[in-house]
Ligand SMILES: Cc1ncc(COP(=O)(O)O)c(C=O)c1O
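To begin, one chain is listed below as structure tokens, in the form predicted alone.
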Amino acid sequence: MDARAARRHPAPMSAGIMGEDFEAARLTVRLGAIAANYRTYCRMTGPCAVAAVVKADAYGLGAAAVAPALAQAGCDSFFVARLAEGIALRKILPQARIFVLDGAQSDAVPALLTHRLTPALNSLAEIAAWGAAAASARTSLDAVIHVDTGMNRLGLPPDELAILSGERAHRLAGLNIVLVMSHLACPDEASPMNAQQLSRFRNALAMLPPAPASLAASHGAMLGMEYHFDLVRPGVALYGANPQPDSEKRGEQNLMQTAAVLTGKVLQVRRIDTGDSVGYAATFRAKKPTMLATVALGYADGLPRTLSNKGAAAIRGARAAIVGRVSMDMLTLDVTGLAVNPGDTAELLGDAITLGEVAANAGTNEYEILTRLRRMPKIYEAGKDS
């Protein structure tokens, strides 16, 4: 449909209702944009398959709404981090392939089996535990082999990979290897480590039984077709992050559509005189008579405190600088020269204030910005692409 349908999770509602339904702040999640971003990856990386990473509650945007929208867009494979995330997702998507990155710790095996979740096996011990489960059930179990090619976080290190390669017939008995994967450490940079990890991954594939392979996630998929293999795993880019951050510096448009819009209501507008301070610790002092707007968003909503005196907001498209410290429940904008009234909406993240800009001003990355946004209600817009 052409007009976006908006609803509050979980109960449907119309946008813009005031009175008892007044919301001081809200996070609008554009499901149509997320679906469109998924399809963009399908076009860019075809003919390889595209899975969606929906860990951390779909990067803070709500997996219960996001995952079905992705499934409707054609996605049939999903990655989560935690076992509990996989269990919750299975209730929503009974037919999807769901991969659990945390692996198959021995105490997690029963739940993995019960909920038909496929673990990424990160060590020989996990391979043994999953193989024992297959033997006990007298069946073959799907599994992912996760190889560490330089991240030094999770995955089989080189010594364990060598042991597995030499004893693979025995150690992989009862396991159906549906994917061999690794993870790039510096995919968003022109780092020599990318080529090094690509070479290591190819060597690892040669040491293991033939199986589909996956190396690239959001940024890695932009490094070239040689990084695509059989499956790419976009995560943060599905939610609007620019997978080519240098393109913004060159003034080029982000290939991804904006998926998250964070807004807060203006609670009060006031004038201060030259020399007056704003906020805790008086970190901002006016150099001239200044108009201020206090907005109902703060670090308890997930907005980083490091945006104090650095970030910006947009009101009807006009930018206004954050002045003073971001406090728990509110922040203050310099709206001098702008026509602003209580009840107006200020955008702190979205179309005018991009995710990349917020992350840069806060001194962090897009992942952290999205996953911090917890307190405010979420409004889900379906849109024509969902």
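In this text, residue numbers run from 1 along the sequence as written. All values derive from a computational prediction rather than experimental measurement.
Another form, the form predicted together with the ligand, is not on view; read the next lines as being about it.
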Original post:
Is every one of Lys55, Leu101 and Pro234 within 4.5 Å of the ligand in the predicted complex, counting heavy atoms?
Top reply: yes
**OP:** Verify the contact flag for Arg153: yes if a non-hydrogen atom of it lies within 4.5 Å of a non-hydrogen atom of the ligand in the predicted complex, no if not.
**Re:** yes
Original post:
Heavy atom to heavy atom, is His228 within 4.5 Å of the ligand in the predicted complex?
Top reply: no
Original post:
Tyr38: heavy atom within 4.5 Å of the ligand in the predicted complex?
Top reply: no
Original post:
So in the predicted complex, does any heavy atom of Ser218 sit within 4.5 Å of the ligand?
Top reply: yes
Subject >> Segment assignment from 169-177, 102-110, 235-243, 201-209: heavy atom within 4.5 Å of the ligand in the predicted complex >> reply: 235-243
Original post:
Exactly one of Met181, Cys75, Leu292, Leu121 has a non-hydrogen atom within 4.5 Å of the ligand in the predicted complex; which residue is it?
Top reply: Met181
**OP:** Counting only non-hydrogen atoms and a 4.5 Å cut-off, give the residues of 362-377 close to the ligand in the predicted complex.
**Re:** Tyr367
